[in-house]
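Single chain ahead, written as structure tokens, the form predicted alone.
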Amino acid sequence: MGSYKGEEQHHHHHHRNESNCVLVHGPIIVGAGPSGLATSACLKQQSVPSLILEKSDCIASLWQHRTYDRLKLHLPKQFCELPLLGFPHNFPKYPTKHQFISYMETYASHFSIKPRFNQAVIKAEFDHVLGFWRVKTQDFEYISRWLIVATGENAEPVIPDIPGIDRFKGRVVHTSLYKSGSVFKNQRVLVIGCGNSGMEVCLDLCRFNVIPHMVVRNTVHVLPREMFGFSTFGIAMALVKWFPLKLVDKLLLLLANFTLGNTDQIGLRRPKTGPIELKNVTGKTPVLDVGALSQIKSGKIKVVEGVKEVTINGAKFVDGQEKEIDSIILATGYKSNVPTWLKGCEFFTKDGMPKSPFPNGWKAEKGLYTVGFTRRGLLGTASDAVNIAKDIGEQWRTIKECNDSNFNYLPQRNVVQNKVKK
């Protein structure tokens, strides 16, 4: 009886190993955010099939699960469209979070993009013997000639190491888990970070009788979201086509000082490098003001210097001040997670960003591509997606002309083609 059970187990185990290997004829795309969806749609236009693996249970999971309620696009919608399908005409100039999610869902539906959800990539590695990529999730091993990394710059929250934060008795939350200021009503809240998220969270907190203390550790460019009724970003994009970058930066700062005043006087020191040049070189985005600045000027949002250490009931600051605090919100941004799962690859830095700067960061070697790592938002994503699809499309047609013969030399004994329930 025991022997029979052992044989049965051995047979089951052997069968499971075979069926867990999947040959994907088109590219494997890791990530079903805007980057993955855009690339899949562009590939479809080139008649190339693809398979998206997504660790979450939905598309655009960062937008659906990790954004605050009042979030709107910071740029006008024409700068945030994905290739081949624009926003609905009735959407406002700056769509809300929920409108953007509905656009993503319409986009996926329009192009019949059906990602495989709950497939977290544990490891992806190039097999030099086969000349193919092996991509392992908790359930399957997928094999393809092409691998497209679409997990983006904002895959994981950045949690800074602040002395004493472990002993703080109040609530500590990253903005990825922040929804609304209602849970912080009447509290003294320390917001660590002064980027777009930090500013907007402070503004949101003001609606609930909160006194936000915003930590400004470094220099920061604050620009008005609009100048004279036009998008600041749109003005900058138009000017850069005609004038040198440094001149455009000088003009933007002149206009910003005219409309916002000198931000140095309220504790927001500007970097020496201009806003567009700084964005291009470091990826640090200027803050587009949607109302926080006036609250800082009125004293409703307090600007404080860097935190020296967190205490049981509050924080000590580098300038010697000490304040009692009820809660801490970490507006410390996100980072790439590529180094945790992509192995044996020289193309990425230790921070998980392509070593080649924009516009050449989309293509590596051995059939590896990256989309959404341009530090240029959805405009950069769209550019990457179009380039990748054209490049793979040409290879695809060459292979098709060879009657698919190149697909058939894999050891079929270990590969069950697409034998996965959709």
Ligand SMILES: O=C(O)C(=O)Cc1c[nH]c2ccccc12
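A residue's number is simply how far along the shown sequence it sits, counting from 1. Owing to the predicted nature of the structure, the values given are computational and were not obtained by experimental measurement.
Omitted from view is the form predicted in complex with the named molecule, to which the following refers.
G377, G367, G26, G361: which sits within 4.5 Å of the named molecule in the predicted complex by any heavy atom? Only one option qualifies, and that one is G377.
Of these, F347, F140, F233, F317, which has a heavy atom no more than 4.5 Å from the named molecule in the predicted complex? Checking each option against the named molecule in the predicted complex, the one that comes within 4.5 Å is F233.
Whether K279, T285 and L288 all lie within 4.5 angstroms of the named molecule in the predicted complex by heavy atom: Per the other structure, all of K279, T285 and L288 touch the named molecule.
Quick one: find which of 349 to 357, 368 to 376, 392 to 400, 41 to 49 has residues within 4.5 Å of the named molecule in the predicted complex by heavy atom distance. Flagged stretch: 368 to 376.
Report whether the minimum heavy atom distance between L75 and the named molecule in the predicted complex is within 4.5 Å. Heavy-atom contact with the named molecule at 4.5 Å: present for L75.
Using a 4.5 Å cut-off on heavy atoms, what residues in 345 to 371 are near the named molecule in the predicted complex? Counting only heavy atoms within 4.5 Å of the named molecule in the predicted complex, no residue of 345 to 371 makes contact.
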